[in-house]
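In the form predicted on its own, a lone chain appears below as structure tokens.
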């Protein structure tokens, strides 16, 4: 007796979005026509991309475990970018403009532009530029970077429902990609994309960041929201069918479990190894929930996640 499994077909699909333009090597994400990793019944023309996070200044909050592989490159974005791509094999680089935060250096938008240009000159992969956080400083910094680096297809992280108009305008004017960030809420994610569409942002230039927690810090809830977004997208909702980006490293390395050392944590094993495993254990469920682009922080985590992804997808797909 033979069992015939009828593939599930969906009316919708995930949009394809191209990151990078101009002097950048363009890379496309999205295009999946089924549930995440259901390669046995649906087409997935693009495998997920893996990025590494670098910073414009030496990030004082990074723990020693994650600082070690970046020794000599912290606060030197051009050096860090080359290491991320040439030594660690990142598909994409994310420049986090930590130093532009008023409490962490208060660097000017002009200094942010200079750091961005250093990275653009150092590597040819697509570049995500993350601002200092919400509010007027976020807009001041990212708008200036978008203007001065027009035509490079930067990924601007990020616009929120409360303040999106300035970033929507420069995305349209200068040919960039915009991350729409929502606080683990499907309805807000959809509403923000509607607002961006109404502001004339081409939805083929939008990524969704549903936000997430690290392992043990809300990961399960994030997973469920991402599943609901994917189901709505495959069902034909054109305001939720954008590819998803997740900032894994930022969330995983916040956990106390990756920082605590000494006798109380002895049963948890080696702290350095524990931190890398925590990042990996955060990344893989997010891929299984439908993430198309992961931003990691430790190169060993990237290497292991890539090994797993290679096992999930046929070579070259």
Partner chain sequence: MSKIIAAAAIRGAHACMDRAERMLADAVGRLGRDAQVGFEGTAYALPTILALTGRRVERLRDLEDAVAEAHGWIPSVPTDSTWLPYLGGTLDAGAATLVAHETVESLKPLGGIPLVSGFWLGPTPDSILREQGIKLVDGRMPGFAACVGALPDDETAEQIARDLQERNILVFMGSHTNGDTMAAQLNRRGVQMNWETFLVPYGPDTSSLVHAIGFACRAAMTFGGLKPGGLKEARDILLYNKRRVFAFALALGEVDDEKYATAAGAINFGFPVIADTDIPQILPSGICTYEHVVSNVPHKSMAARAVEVRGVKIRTVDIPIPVRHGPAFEGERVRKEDLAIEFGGKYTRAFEYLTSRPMDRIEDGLIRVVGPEIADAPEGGRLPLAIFIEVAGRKMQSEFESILERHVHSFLSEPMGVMHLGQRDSVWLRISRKARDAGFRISHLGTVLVHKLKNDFPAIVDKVQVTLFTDAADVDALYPTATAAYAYRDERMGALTDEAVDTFYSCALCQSYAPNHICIITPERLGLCGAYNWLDGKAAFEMNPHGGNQPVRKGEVVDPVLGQWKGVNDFVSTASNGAFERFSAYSMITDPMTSCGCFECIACVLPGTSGIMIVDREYPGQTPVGMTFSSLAELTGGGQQTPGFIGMGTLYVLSRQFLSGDGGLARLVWTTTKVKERLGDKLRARCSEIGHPDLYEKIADETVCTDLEPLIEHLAAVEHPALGLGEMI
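As the structure is a computational prediction, the values presented were derived from the model and not from experiment. Positions refer to the first chain, counted from 1.
FYI, the form predicted in complex with its partner chain isn't displayed, but the following is about it.
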item: Heavy atom within 4.5 Å of its partner chain in the model of the complex - residue from 79, 85, 184, 203; value: 184
item: In the model of the complex, segment of 69 to 77, 209 to 217, 142 to 150, 242 to 250 with a heavy atom within 4.5 Å of its partner chain; value: 142 to 150
item: Its partner chain contact in the model of the complex: residue 170, any heavy atom under 4.5 Å; value: yes
item: Residue 118 within 4.5 Å of its partner chain in the model of the complex, heavy atoms; value: no
item: Its partner chain contact at residue 166 in the model of the complex, heavy atom, 4.5 Å; value: yes
item: Its partner chain contact at residue 108 in the model of the complex, heavy atom, 4.5 Å; value: no
item: Residues 191, 199 and 228 all lining its partner chain in the model of the complex, heavy atom within 4.5 Å; value: yes
item: Residues of stretch 22 to 57 in contact with its partner chain in the model of the complex (4.5 Å, non-hydrogen atom); value: none
